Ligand code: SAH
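Before any questions on how it binds or moves, here is one chain, the form predicted on its own, in structure tokens.
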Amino acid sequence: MSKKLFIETLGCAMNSRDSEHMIAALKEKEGYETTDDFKSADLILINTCSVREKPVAKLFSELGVFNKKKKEGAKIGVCGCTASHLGEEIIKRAPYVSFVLGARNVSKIAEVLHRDKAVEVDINYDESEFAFDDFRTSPYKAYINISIGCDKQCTFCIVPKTRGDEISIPDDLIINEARKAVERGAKEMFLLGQNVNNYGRRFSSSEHEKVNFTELLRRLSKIEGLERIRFTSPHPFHMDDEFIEEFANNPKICKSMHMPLQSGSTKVLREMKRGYSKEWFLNRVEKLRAMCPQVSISTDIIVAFPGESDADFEDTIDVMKQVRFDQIFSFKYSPRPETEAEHFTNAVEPETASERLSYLQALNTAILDEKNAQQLDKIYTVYFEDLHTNGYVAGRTDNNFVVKVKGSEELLGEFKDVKITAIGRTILTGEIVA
């Protein structure tokens, strides 16, 4: 009987890829098989996020549930970003936890499993050239890390304290990983990094060829059988003309861009230490849309950052109206430990913060309703990758719209032209026309 592994992943796509690495190692080295039922698992892992307060609070709530209902003898491990910044405190607060493994120590999973109360949270540990075993949750697309860590000093962000300094993974390792994924059926790559378009700034060894992100995209696009390349998240500061031109002109690069705005106020951006202005952000959007009119643009926005005035918030609303994003991820500011902004004393009143978030989200909904209405009867090429309920199969367009059609698993991994027949805020419905 194989041992059973249950893993819950909170947070970003990088966390999802880290979970795949841990599953691969535990399958290969320890004989585990995954299960969706934590009550039957011999090992329960929570791969955590610490970017906002809510996932951290959820961690200890989930731990309590797992401990009460797990089977006798099952181990519980806490991994990821919250593990990095809380470390031993997790075991102090939840003494039934067997081990703690930080986001920069994923390769040690098979080792800490056998060390009771182990805490491995070194944010300077270098995994940039570690040969992870291969496991992917989907055979149709592949997530590939191209860098680890972050060198930015954004005053609101805890990531540099949980993932360490930024190191790029050598391009030959990335290309080899991409080739292997294509050989196993993946037609789409999703490149991951905290600031993907800062790729090449630092490698673990000076012997590695200096390659920037634009050149990496060119090299990956030469892989036969690779049809689509996506990536997240590019930093607006590093969106130079060469990068935008490659994005627009390379047919294998999907025409969706995630551009984290955070705030539309140049004053607030300066307080956040984002490195760009409102004018720069709008200039990059203007160039992007001029060269690639079909591009969809998504963003992240934080409202009520300390010191944000009504005028500052109006600047964010102004950017919203000018850009008309295709998707936003919006949140009220929450102070994170070990960040500079944690010590800012000019907090925005909670009631004002809630009002601003509601206004921003209502505006976004109105914009999306207008834009979505224009999708009716359009034809898109969709790459199908997910089975949905009630006999539907879903996939994504080149510019990242989710589309579902009536169909079966025979469509998975296939490209089909689809005419949009019904509109929803998060998903479009269509019929295959070719």
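Fair warning: this is a prediction, and the values are worked out from it, not measured in the lab. Sequential numbering from 1, following the sequence displayed.
The form predicted in complex with S-adenosyl-L-homocysteine is left out here; the points below concern that form.
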**Prompt:** Quick one: of F156, F99, F313, F247, which gets a non-hydrogen atom within 4.5 angstroms of S-adenosyl-L-homocysteine in the model of the complex?
**Reply:** F156
**Asked** So which of W280, F135, Y359, F331 gets a non-hydrogen atom within 4.5 Å of S-adenosyl-L-homocysteine in the model of the complex?
**Response** F331
**Message:** Is R336 part of the interface with S-adenosyl-L-homocysteine in the model of the complex - any heavy atom within 4.5 Å?
**Reply:** yes
**Item:** 4.5 Å heavy atom contact, L43 to S-adenosyl-L-homocysteine in the model of the complex
**Value:** no
**Message:** Please tell me whether any heavy atom belonging to T214 falls inside 4.5 Å of a heavy atom of S-adenosyl-L-homocysteine, as the geometry stands in the model of the complex.
**Reply:** no
**Message:** Quick check on P260: any heavy atom within 4.5 Å of S-adenosyl-L-homocysteine in the model of the complex?
**Reply:** yes
**Prompt:** Want to guess which of 216-224, 260-268, 100-108, 350-358 is within 4.5 Å of S-adenosyl-L-homocysteine in the model of the complex, heavy atoms only?
**Reply:** 260-268
**Fill in**
Within 213-240, the residues having any heavy atom within 4.5 Å of S-adenosyl-L-homocysteine in the model of the complex are S233
